[in-house]
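Below sits a lone chain in structure tokens, taken as the form predicted alone.
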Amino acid sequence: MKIAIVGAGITGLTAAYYLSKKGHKVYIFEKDKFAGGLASGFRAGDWYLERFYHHIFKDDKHIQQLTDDLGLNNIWLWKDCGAPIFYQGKMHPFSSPVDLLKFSPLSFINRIRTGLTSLYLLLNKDYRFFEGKKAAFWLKKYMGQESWKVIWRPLMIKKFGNFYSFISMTWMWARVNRRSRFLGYPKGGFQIIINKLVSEIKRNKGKIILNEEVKTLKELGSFDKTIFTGANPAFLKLASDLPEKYKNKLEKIEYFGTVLVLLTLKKPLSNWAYWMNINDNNIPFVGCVQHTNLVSKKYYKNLHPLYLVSYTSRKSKLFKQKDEEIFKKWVSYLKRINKDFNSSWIKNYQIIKEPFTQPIFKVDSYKDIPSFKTPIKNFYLANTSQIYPWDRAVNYAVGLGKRIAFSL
């Protein structure tokens, strides 16, 4: 078959790789000038660095199987990383049961309560048990008001804005159930995997057309089948003549975008914390990721990439704010995290904005998850709105790409 794939992100590349291995003639159309989507990177020394921070967990089997299939043997580096919570002006380790027992912002009885409830979520392997339940209500009921106020409410507000009280408990279950202290990172960066996918697709006679935006379905009329891997709003824009019922179903799944400040520092903000959750509503970003506490600085010219990230609607003031204003404001808060920090540490920076990075799974969203097949004959949809109950992650993007490839 002659198959078109719209989007050269990880899902599109994975689908193209397995389809081309099966002997299909694959053509990928990508509106950007590069392949890889949110996992793409750029040279930052001896290794690549991602535009958006990425890592995998020990049980992320889809991407580990992909790298084995690609012949990228022993590519994964594994490290036990610190993941603290920044609360009331202090970093609190929060990666183990011992850390939780020492977490002073909670009373001792609520530390025990939070720990036992987390253990229950970890041991319960059936996400369907939590469908129809709101995370806010469930967490308050079982972990307690204090845990909700200190740990979960600040994070969920920063993650989902005004939607936070409607988020499904399946999302929280997925966050706890599949997490591990040991994080994996590919030697050379995720771009190494992308480069290998691209080369294998081309070796299998596939075509990757960059800087080529598909604007109408007519452009794809010569293909036997088409897979669209962009977000639902982009699909709705492309396929304007969809049945109203199907269109309404896709429109129910809302998205937040991401605003990210990537700093290159001469000194690390923290010497041990890799992923820091910011539980301070006065600080405008929710995540602070010190990349060189996962990967050695020697691969990045002895510099320290630092990601600051916020999730927000593409219609928000933040999303429309000028890059320089975001940079100045966000950097001004770093001294709260490290009192020694000053702007002379910054070698350079860049601001990255993406409008559709986070599908918002509200309490009844599972009823509206679209199938691969669309009402348009021989036209298929494969994107992050279909990885429920999991959160967006490169592992599930790979799994999605493989599933759609083997379903055609």
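So that there is no doubt, residue numbering starts at 1 and follows the sequence shown. All values reported here derive from a predicted model rather than from experimental measurement.
Keep in mind that the form predicted in complex with a small molecule is missing from the display, and what follows is about it.
Among residues of the shown chain, K31 is one whose heavy atoms approach the small molecule to within 4.5 Å in the model of the complex. The small molecule is not drawn, but in the model of the complex it has no heavy atom within 4.5 Å of D241.
The closest heavy atom approach of L155 to the small molecule in the model of the complex falls outside 4.5 Å. When contacts are judged by a 4.5 Å heavy atom cut-off, A397 counts as touching the small molecule in the model of the complex. Between 110 to 118, 319 to 327, 232 to 240, 136 to 144, the stretch whose residues reach within 4.5 angstroms of the small molecule in the model of the complex through a non-hydrogen atom is 232 to 240.
In the model of the complex, every residue of the candidate spot (G37, E213 and Y311) has a heavy atom lying within 4.5 Å of the small molecule.
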